[in-house]
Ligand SMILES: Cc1cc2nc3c(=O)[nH]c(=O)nc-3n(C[C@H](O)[C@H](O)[C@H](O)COP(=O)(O)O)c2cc1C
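Single chain ahead, written as structure tokens, the form predicted alone.
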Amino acid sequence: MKLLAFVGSPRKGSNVEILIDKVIEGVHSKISASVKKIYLYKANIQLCTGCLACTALKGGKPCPLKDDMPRILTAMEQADGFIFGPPNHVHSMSAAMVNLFCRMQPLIKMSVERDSVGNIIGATSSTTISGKRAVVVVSQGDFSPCQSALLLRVLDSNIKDFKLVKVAEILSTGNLERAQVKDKAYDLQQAFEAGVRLAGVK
């Protein structure tokens, strides 16, 4: 099994990364897996400019930005599953995680139907990562779970757009200090069990 874990925190050793590591531990407890962690704030991933070149509207052309993203997209197509780990930043995903989903658009393959004068009247879509499994890991400083309601909704929408199968969701609250989640046995156990589900073991 090949897994990609996207660490969306700007801090190494963050609460999000600790939870991701616990998910990975859960995977390894059941199967042999090759796991690659991608630190989004350290990777060379330029900001999406919204040019739409990669979309069917513009003919599905290669992205004009020259960075690591083509290699990451290829790795995603070759992977069996994903871990998306954003911290809660102002009630939503961290900027780097938002940008990742923007730059993932080339994975969506859309067939556009037009009328006789060129107006779009319908479309169907598929993705090159359809059906692959995903785990979502979120950490926030606030103690109220509702503070991540928007974040989780945005993640679910993107997971649906890319036709992934979310097998588990972890939300850890009250993490005001770096690595504070290390002392939260319940959250760590939930992350471990998420890894077991990601491995395909119920």
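Numbers for residues come from their place in the sequence shown, where the first is 1. This one's a predicted model, so the numbers in the text were calculated from it and none came from an experiment.
One more form of this protein exists, namely the form predicted together with the named molecule; it is left out here, but the text below deals with it.
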May I ask you to choose, among Ala149, Val165, Leu57, Leu176, the residue with a heavy atom within 4.5 Å of the named molecule in the predicted complex?
-> Leu176
Heavy atom within 4.5 Å of the named molecule in the predicted complex: which of Asp161, Asp142, Asp67, Glu169 fits that? Just give me the one.
-> Asp142
Does the named molecule come within 4.5 Å of any heavy atom of Ile121 in the predicted complex?
-> no
Contact between Lys182 and the named molecule in the predicted complex at 4.5 Å, heavy atoms?
-> no
Distance check, Val16 to the named molecule in the predicted complex, heavy atom within 4.5 Å = yes
Is Gln190 one of the residues lying within 4.5 Å of the named molecule in the predicted complex, judged by heavy atom distances?
-> no
Which of 59-67, 132-140, 153-161, 43-51 has heavy atoms within 4.5 Å of the named molecule in the predicted complex?
-> 132-140
Can you name the residues of 94-112 that have a heavy atom within 4.5 Å of the named molecule in the predicted complex?
-> none
